[in-house]
Each structure stands twice: as structure tokens, then as C-alpha cells.
Ligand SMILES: Nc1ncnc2c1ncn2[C@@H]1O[C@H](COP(=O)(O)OP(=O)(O)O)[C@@H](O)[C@H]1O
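Coming up is one lone chain in C-alpha cells, specifically the form predicted on its own.
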Amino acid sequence: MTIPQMNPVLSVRDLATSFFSQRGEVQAVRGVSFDVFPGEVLGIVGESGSGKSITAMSILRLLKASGRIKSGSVHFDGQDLTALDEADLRDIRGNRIGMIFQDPMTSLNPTLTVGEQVIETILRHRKATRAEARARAVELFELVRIPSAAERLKSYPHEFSGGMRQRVMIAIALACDPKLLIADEPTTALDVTIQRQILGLLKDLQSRLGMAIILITHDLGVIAEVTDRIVVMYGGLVMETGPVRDLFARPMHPYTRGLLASVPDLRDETHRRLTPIPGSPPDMAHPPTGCPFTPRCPHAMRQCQAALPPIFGTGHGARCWLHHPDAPSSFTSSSGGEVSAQRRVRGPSS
């Protein structure tokens, strides 16, 4: 999908979110910026602890008591969500911005029927009678392909399978025709067959309803199937961003390459061993001065430890000193080969 020139439905700029405890400050998100355009599916991918879910929670200010947005802005439809009071924000949550959470079993109220949970969302944000809200709930269940929709409104969450509970969560998120849908790991607890059904459903709904979607996941297979652009996060930062085809064909950041190398390719008949990324993610209570991927990077150099690089490139760009204009031409983002010995020793700014 080619995104035409238009105003973004969501614009995140320099977003920084921290959590405070007796241990000190944990800098979960450290200056994240990206745009989401109308009708686009934007994927945010990264390991656990990379900051992707906290970014989503920060957008809607659904942080725990210890969390705080330190700086940055989140503009949605011309309003900065970080500056709104709680009452105004409640009018946006579940209404103009819908959200699908990771675990539907803990997100749904076990003491209420699923139909009642959809109906109360509609009554909260729409001028509708209870009969109209119920009719809308039936319509939503049919939209997300829940069989015997009218009858299943009377069921409780525990009476549904994992895939059906996730469909209920999608119905609730779509109840008020949101302009933007945030799906946080919507297929994590599901088996592969149900994952594919849910992804197909999301893509179909996006196409039919024309809403923008942010899809958050650690699964590159999920990202490849349904997104238009990708944001790769690591250590609370955006490390690479670009159109899905470009990013998979020409990964520019060593971290992105590492993620791709660790995914099995069922078409590969050579039985190639997977290549895991060595080491562990950084301690965000003590984030490094330079690139957070430096200790795990096969191309690390002194410059990587000394300073955090900017994002080099427009459209498809990466936060990596390997793409500095003064970098030796021996490195090419499409080769995937080893960087030169000169490069490892000196670096672009040495």
C-alpha cells in the first residue's frame, strides 16, 4: 500500500515515558516519534521490554500509577492527548480510538455477559436506547464472525474459546466506529490457525471500515502479513522504520537483521540453523549513553558506545552509525555481510 500525501490521523513526537519506584527511574520509552495515516496499518515490532506496549499505553494514558509521560506530544485529530484532562480523554478512549488488549480473559469482566460489555460501551459514547445498543451489539458480533450472534450476547467470557474472546474484544473496540484502532499483541495467546483467522479479520475490517490500525507484536510473521509500514523498537527507541517490503528486503539496522535471521523460513530446504541474537536487552533503569544494541551488535565500534545515532534516511531509515555519510562504502544495507575491519576499529566519526 502506498500512503498518499495527507495529514496523519496520529502524530507521536519525542514521546518519553518512565516508571518510578524504589529502584529508581526506569526509562521505558525514550523519545519515540512516528505518524499513522488514514487507512494505514502500522506495525510496531520488537522484543519484550523494547517499549512497544508502553508506547501504546502512553498514547491513551493508560499507564500504571508509577508511570509518567515525561515529555513529547501525541496529536490525534488536532488535539494533544498528553494535555487533555481525564474527562476529555475518556470521551476519546473506546470512542474515536479503540484498543484491543493482549489477554482478552483478563480484559473482559467475568461477571458480565459479553453482550452487556459491548452494550455498555455503546451507551457510554452514543446517544442510543438500550434496544438500539443491543441491535448494534448483534451487528458487531456478526461483523467479527461470531456464530449465532444474538444468542451469544447472553454468554459469559469463560464460555468462549480464546479466539472467540478475542473477537469479542475486537467487537468492543469497533463499537463506536473508531478512527484509529490499537491492537496490542492481539494474537499472542492463540494457536497458529486462530492467529491467521484473527489477522485476516483485522485486515478485512480495516479494508471495509477504512480505519487506521497500529498493530503491536513481537512476531515478524504477523507484521509481514498485514502491515503497510513497520517501526522496529529496541531499548525504548525507534531503531528502524520503513515500508514493509523495503524493510524485509533491505533491513538497514543490525537489530532488524538479527530479528529476521532468528525467524524460521519454511521454504528453506537446506535446514539452516536459526541464528539467535546473543546477549540480553539493556537495563532501562540504567540506559546506555550510545546505541542500546551495542553490546549485542556484531558491527559495534567505539562511536556506538560514545553517542546515540540519529535516524539516517527518509522513508526507510535506521538509527545506526553504519549509515553515517562518512561511513566506508564497503558496507551496504542489502548485503547482510560483515562490515570491514577498518569500520569496526575506527567508526564514522573517529
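Start at 1 and count along the sequence shown; that's the residue number. Just so you know, these numbers come straight off a predicted model, no measurement behind them.
Although not depicted, the form predicted together with this ligand is the subject of the following passage.
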{"query": "Interface residue in the model of the complex among 59, 69, 36, 284, criterion: non-hydrogen atom within 4.5 angstroms of this ligand", "finding": "284"}
{"query": "Option touching this ligand, based on a heavy atom within 4.5 Å in the model of the complex, out of 288, 49, 313, 31", "finding": "49"}
{"query": "Proximity of residue 42 to this ligand in the model of the complex, heavy atoms at 4.5 Å", "finding": "no"}
